[in-house]
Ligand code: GLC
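Heads up, the chain below is alone and in the form predicted on its own; it's given as structure tokens.
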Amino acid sequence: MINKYVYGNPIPTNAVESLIEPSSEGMQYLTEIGHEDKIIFNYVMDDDDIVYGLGEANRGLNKRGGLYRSFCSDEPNQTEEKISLYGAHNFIVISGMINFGVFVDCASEVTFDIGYTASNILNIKPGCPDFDIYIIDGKTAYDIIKQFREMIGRSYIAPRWAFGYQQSRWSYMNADEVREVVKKHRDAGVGLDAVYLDIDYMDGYKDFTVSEERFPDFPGFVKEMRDQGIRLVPIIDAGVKIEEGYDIYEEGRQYQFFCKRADGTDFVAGVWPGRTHFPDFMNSNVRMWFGSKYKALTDCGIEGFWNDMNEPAMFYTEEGISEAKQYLESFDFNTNDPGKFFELNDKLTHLSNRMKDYESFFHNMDGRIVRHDQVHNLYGANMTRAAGEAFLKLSPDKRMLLFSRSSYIGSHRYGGIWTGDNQSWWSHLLLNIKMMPSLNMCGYIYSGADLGGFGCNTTRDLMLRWLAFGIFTPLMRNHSALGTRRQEAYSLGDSEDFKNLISIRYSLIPYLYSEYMKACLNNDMLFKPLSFEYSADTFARNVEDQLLVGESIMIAPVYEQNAQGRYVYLPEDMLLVVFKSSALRRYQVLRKGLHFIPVAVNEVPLFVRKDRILPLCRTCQCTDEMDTSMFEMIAYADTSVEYRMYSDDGVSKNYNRPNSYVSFAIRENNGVLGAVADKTIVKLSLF
């Protein structure tokens, strides 16, 4: 059951698709507390309550003990004290003796104090008086999440090629460097489906342009790469460069499509191109206009994009620079007060993304003038919406890859997300593991992190361990920052281990793609906590570093430096499969309980659940070469079992065709178990 409560005059967010009438009954579970001009919602948690949700947020699966600010933030240093990251996903589930969910549909900031101030008190504080709040009643946390997912609508569906391995860096500077990256992957036998173009492919960092000097004959280059099984995926930033003669700037200024200051002039901020304007994505006409501009690149053969810098990120504003200059002019450098020097440092190092600047420009939401900080969390989401709606026209019959850095629930219907500018830290590998189910709860199924870490310098062992987890995430992209160590598969010593690990991904794609499609089409999750399937197991309830991936497997990644393996808790008997490559594996049946599993740095462990089937195909160099005429079935079973694999062309949008499923089964015949499959040849590995 879902109850909706309306406060003030809420700004439409596009988060909820279902028509839910406001409730006339009193609010269940939460106590409303007046607090000056704002409202706080309070709940007293039991000692054993777990709090799930918040999507892209810090800390673990269980959010208890933390303070979280839902305010899309350009925050690459995701250390534990950071309370806001790139996404704003205001959905939580309280799971215990009582189970209920809360979605605060608020375009402004929302603070969740989940046992931070007082260990048993949950406080939710919307940042403005205008919002909707939904209370979802259910038998279990999993039941509540499925109701919520039904309420917010079906998740974005990516093309199957987007499940191939993808390579990125800020930046591959020209066509020859991209050619070199592709050649080195192919020469090393490392699978690859996409190479990303970061900001330097553009002409002067101008959106929807390509540098003719660095990428001459861009359509010809796109075709050249496509003939080798490679898609190019360019970045699009939110800011539009202020430059006379640049068509996007000229049109935006002519039609008043940019965000405004209070005096009606176009707001200016400094980003990569220098002085920029921000398109007013809150306005439907602006979304239509900006979305249509992707055609300049789709006409060149581009089939995927990543939207960035759309919190929006601002390096500075002219007002901020002016204030800093005035402060410096009046500063007494002869002072003996050390506090003044801390103040000076703060003034000069906090010019980016100032709340004061977010409070200084406005949107025209189809006639409703709104200050930016009141709709801040919707900005990046509406940039994604602009592109997603445009692709319905530009590519009506073919899926496009699209994902974003900033997000708000609702944008999950138009594109996926990546988790932003992380670091090459072991702690960020663990954060990536714990974040995936939380993102799935909020509708973001096509997602992943920058494998190996974006900032800092990765190490060979960290890169291998991160890839061993990234094998299972829908977006499997290796991405690193300018000035950091190169971390392509051939750049960290002998490439054989990288080749073998990535070969495992290509063998798993049919299964991962199938489970992804089922999760999208059925408003379900690809990554689940153990507690969602083993609810009666009190030990499994508190395991956060092992995840169920689809219906057949459990994973337990190794995420500690120099670890020779790890302890794993099995909530039932399972089959351990340790891959050294797609073909080299070892098997062991393990009984329910706690086990230490040796896992070398160049190995990938997974567990096949009892009476489930894991189908594997032959590995390949790219998804174009994938052979689905022959499969191997791995199973731990002593009875008849079946697995239905979703299988389509990976491109079209006709998702519910009768022939979209292939059945794999183990059937008993005269006391002997054997493999049976539709339309394909199978080999059975039965334990």
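The structure presented is a predicted model; accordingly, all values stated were derived computationally and were not measured. Quick note: we count residues from 1 along the sequence shown, nothing fancier.
Separately, the form predicted in complex with the named molecule exists; it is not shown, and the next lines address it.
Just one of His185, His428, His412, Arg405 comes within 4.5 Å of the named molecule in the predicted complex, counting any heavy atom, and that one is Arg405. A heavy atom within 4.5 Å of the named molecule in the predicted complex is found for exactly one of Met309, Leu297, Leu548, Val268: Met309. With the partner omitted here, the stretch from 484-492, 418-426, 560-568, 89-97 that lies within 4.5 Å of the named molecule by heavy atoms in the predicted complex is 418-426. Put simply, Phe454 is close to the named molecule in the predicted complex: some heavy atom of it is within 4.5 Å. By the criterion of a heavy atom within 4.5 Å, Tyr316 is excluded from the residues contacting the named molecule in the predicted complex. Proximity of Asp198 to the named molecule in the predicted complex falls within the 4.5 Å heavy atom cutoff. Of the heavy atoms in His479, some are within 4.5 Å of the named molecule in the predicted complex. Residues of 597-618 that come within 4.5 Å of the named molecule in the predicted complex, judged by any heavy atom, do not exist; none qualify.
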